[in-house]
Each structure stands twice: as structure tokens, then as C-alpha cells.
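Encoded as C-alpha cells, the following chain is the form predicted on its own, with no partner shown.
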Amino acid sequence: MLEIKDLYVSIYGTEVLKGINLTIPDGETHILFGPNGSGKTSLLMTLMGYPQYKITQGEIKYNGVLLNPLAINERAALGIGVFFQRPPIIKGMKLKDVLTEIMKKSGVDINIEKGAEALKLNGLIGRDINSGFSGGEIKRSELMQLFAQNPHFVMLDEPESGVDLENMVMLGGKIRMLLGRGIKKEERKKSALIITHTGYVLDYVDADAGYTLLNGKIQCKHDAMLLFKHIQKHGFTECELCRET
């Protein structure tokens, strides 16, 4: 579904990604580990097409389509969605209204009130997006927007950050549902790339592969849970010795 070849990216003249090679097949979920400032979010923003992230070399293909020249809305229309770690407050735009517009574009027909109830967003869908929302409420709002979009390729930027245990249990279960991790692999329709710093999302999502990103370069590829346990024990410095890319 996604193929990244020799990708170099700069933002405001500073190189943040240095020769990224990554392939995510249909129906697979891959996990990207890395310390703060390693380039994880820069990779997601590049994949989504944010213009300040300049591709200086390499290419990104999604289902065979070259993404490099495409704008954000064009990538979203192809079926790419993103769960932001720190989405902005949008004054004057009600959550219910944006969910309605997303569903018009995606063709998804869900009951907004019932969906809000399932994600404990009752009373928030009539408010400005993220205005006065708690950390957990923002995460649940992001997830509900993904359900409304129903993208084929999902990117999640640290879904567990700033979330308490109760919210993490709910988020983890709903993310697993969104990605179809409870059905047979050959029947799954969605692929995903999940950024994590803590690894807690692995308690709910059984990923197919894991990577470490250090200083803008992928240093290791391994079984996601084994890689996470190695990082817990040795930290990210030890991963610099691994070159199984």
C-alpha cells in the first residue's frame, strides 16, 4: 500500500529525514519508535503533504500513485488519514459540522450521536473543535474523525501521549477496531503507521513490524514487541548498532 524510497526531507533549510526506505503492505500495521526530535512526526507530515516539509530526494508511492506532487486534500481523497498528536483549536467550526462534511466526502454513513456516545463525546459535538477539550477528549475526537473518513491508510501520531489509563483502554480498543486487527489478515482493508514513544499502544494493537528512527534515519527493523522490549531495557542508543533495514 505504501512504498517510500530513499526519502530526504528538509524543513526551513534543516534536513530532518535522511534516506528513509519503508514499505507497508496491504492490511499491515507498522510501528515507528524513536526519541523526541528523531523525525517521527516529520515523516507523517511529509506523507500527508504538509508544504513546509520539502522533499529534496526520493519518492513516496501509495497504491502505485506518486504522492510527491499531490496536495494534502488530494492525498486525503485517495484514502490517507492522520490522527494528530496536537491538533489545533478551530474556532467557529463545530465538531458535528466537520464530521458531517467528512462523511459527505467519504461516503460513510454513521450516526454522529451514537458514535459520540460510544467515544464518550456526548455534549462535545456541538462545541468548537478541541476548544476546552481535555487531552483524552481531543484524542477521542481525532479518532471519531477517522471513523467518519474511513481511510485505507491510517497514520497515528503518539495516540497514547497525555492520555490516562481509562482513556487509553477505550482508545486502544477503538483503534484496534478501526484497523480491523480482530479479523483475518487477508480480510483486512486498512494499513497503518503508528508513531509511539511509550509503546503502550502495543497492548491493544498487534503490529506486524517495528522500526526505530534515530536522527532522521531508520536504524532497525524487527518484530514490534521484541523491539519495544529491547528499547525498554537498553534505550535507543543500543539501536544505533542495528542496521537491519
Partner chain sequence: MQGDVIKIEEKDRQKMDDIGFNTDEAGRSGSFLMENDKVHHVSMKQEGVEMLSIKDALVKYPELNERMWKLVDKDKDEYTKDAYEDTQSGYFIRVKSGVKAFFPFQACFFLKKDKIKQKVHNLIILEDNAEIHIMNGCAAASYLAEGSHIGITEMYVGKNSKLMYTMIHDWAKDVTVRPRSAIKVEEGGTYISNYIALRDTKITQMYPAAYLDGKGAVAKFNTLVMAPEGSVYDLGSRVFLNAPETRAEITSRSVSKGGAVIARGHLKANSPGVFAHLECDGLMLTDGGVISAIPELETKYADVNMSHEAAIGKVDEEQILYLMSRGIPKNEAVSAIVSGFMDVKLLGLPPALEEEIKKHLKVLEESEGI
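Remember, predicted model here, so these are calculated numbers, not experimental data. Numbering follows the first chain given and starts at 1.
The same protein also exists as the form predicted together with the partner chain; that form is not shown, yet it is the one meant from here on.
- Stretch 93-101 is the contacting one of 93-101, 156-164, 169-177, 116-124, since its residues have non-hydrogen atoms within 4.5 Å of the partner chain in the predicted bound form.
- Taking the partner from elsewhere, residue 142 is found to have a heavy atom lying within 4.5 Å of the partner chain in the predicted bound form.
- Although the partner is absent here, residue 131 lies well away from the partner chain in the predicted bound form, with no heavy atom inside 4.5 Å.
- Among residues of the shown chain, residue 87 is one whose heavy atoms approach the partner chain to within 4.5 Å in the predicted bound form.
- For the chain shown alone, residue 52 is a contact residue for the partner chain in the predicted bound form, at least one non-hydrogen atom being within 4.5 angstroms.
- Heavy atoms of no residue among 31, 196 and 222 are located within 4.5 Å of the partner chain in the predicted bound form.
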